[in-house]
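The chain that follows stands alone, in the form predicted on its own, written as structure tokens.
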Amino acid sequence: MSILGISASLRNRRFGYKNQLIEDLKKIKTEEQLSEFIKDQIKITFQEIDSLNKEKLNFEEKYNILKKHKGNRGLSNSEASLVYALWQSYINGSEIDYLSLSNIFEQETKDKVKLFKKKFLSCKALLVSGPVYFGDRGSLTQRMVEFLNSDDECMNHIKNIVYAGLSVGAKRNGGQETTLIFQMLDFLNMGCKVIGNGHETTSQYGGTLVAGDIGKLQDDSYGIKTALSTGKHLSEIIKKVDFSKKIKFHEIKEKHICNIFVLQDNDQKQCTSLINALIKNIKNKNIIFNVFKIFENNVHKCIACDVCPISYGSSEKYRCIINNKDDFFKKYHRDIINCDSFIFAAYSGQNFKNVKSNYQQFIERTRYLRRDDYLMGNKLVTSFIISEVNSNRNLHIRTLTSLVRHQNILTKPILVFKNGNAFVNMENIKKDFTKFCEDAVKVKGINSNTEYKPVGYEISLEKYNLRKEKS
């Protein structure tokens, strides 16, 4: 089982069926050698383009001629970003494979799609790199998602694999993060497990790289770090968690604690009531649920202090600067961190007339937990949202895009649709809730060496460096 790296650019250079790229990567021992390899491959791409420039051809003519080349030389920007991540995965102990989507879906045939499906069904993780188009992924990625969504075997397999993404834009803040978020949602909705880049680059949505013209990517040192970090994180997860492993859920003997935070509910407490009803369906006393009615608690707003957390010490000790005795985080700090999985629940109404919420205060206050070496991290997480028809508040998206930054593994959101007084999709909800519990117990033993590294906070950075010197 391997990580399948996919480049989703129409400008891909490695579109030949012979996988020379992987053979080349396995020979590289250091980052310096990797950079030299990429530099040499980009030169090849430039030389091919320059030779065509002399013939005074228009772009489409050059593009079509380049597509006729052998396809085992050179690199596009999307391929170069993927190379960094794949190489790091390999160095970290994972098997790797590569596929160019332009070779599959640009001029689609049954044989090409068959090759794609064969590679996909043999992978344990998917690493997708592609360009930004107006803050969204390109048409090749969209076509891949459409195919996966239409094939039963692929849809069964995708529930057992982990996805991570890389995105290349022409400038910093050029839509890379929105592209990754939309792509992340595609894979979550298909049942895939999703992660971002690792703690070395502060756990964002994946690799975000800057490159407009071919070859510019190598100037983006921070973007390259996010690609390397994504590859490493993906490799670490699949080495420690096997979502394809079959378990007899009712026979699980090891205790598993799942914290459920009800952040927002209506005056009838329907979200809380439905959560409690679903818990009763889990017929295993070793799965323990702690349901916290956050909407009824006092949650102080985060003041974004510059020394968060305020001291060094044991993670069991509450170390946020807010010290109100009745504050939820002050009272329940140990209960929050001493668990194995999380569900973030909320009632989403068309308006707030009968809804009480501590959603935003709670999410922002988890800042001190993130900055304390990701105390909520490395757990399976989902959102559970009761959504009135036409509420359109996208709480499931907001929740999960916040929690990926806690270094968590995301899984399919559980969405309950309410029409009038009826929940219209209860059978699916029961299945999704049970599936979350079954997958959550598989996530064990990955709480190692996750260290928060301050970026953009000078005082916190000074404290971090001082601690490193002392240790």
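The structure displayed is predicted, hence computed values, not measured ones. Note that residue numbering follows the sequence shown and begins at 1.
The protein also exists as the form predicted in complex with a small molecule; that form is not presented, and the subsequent description refers to it.
* Choose one stretch from 165-173, 395-403, 104-112, 220-228: the one whose residues place a heavy atom within 4.5 angstroms of the small molecule in the model of the complex. => Going through the listed ranges, the match is 165-173.
* Within 4.5 Å of the small molecule in the model of the complex, heavy atoms considered, which of Asn197, Thr382, Thr208, Asn77? -> Checked against the cut-off, the match is Asn77.
* Here the chain is shown alone; which of Phe352, Tyr133, Phe249, Tyr312 has a heavy atom within 4.5 Å of the small molecule in the model of the complex? -> Answer to the contact question: Tyr133.
* Is there a non-hydrogen atom of Gly93 within 4.5 angstroms of a non-hydrogen atom of the small molecule in the model of the complex? -> Residue-level check for Gly93: no, no contact with the small molecule.
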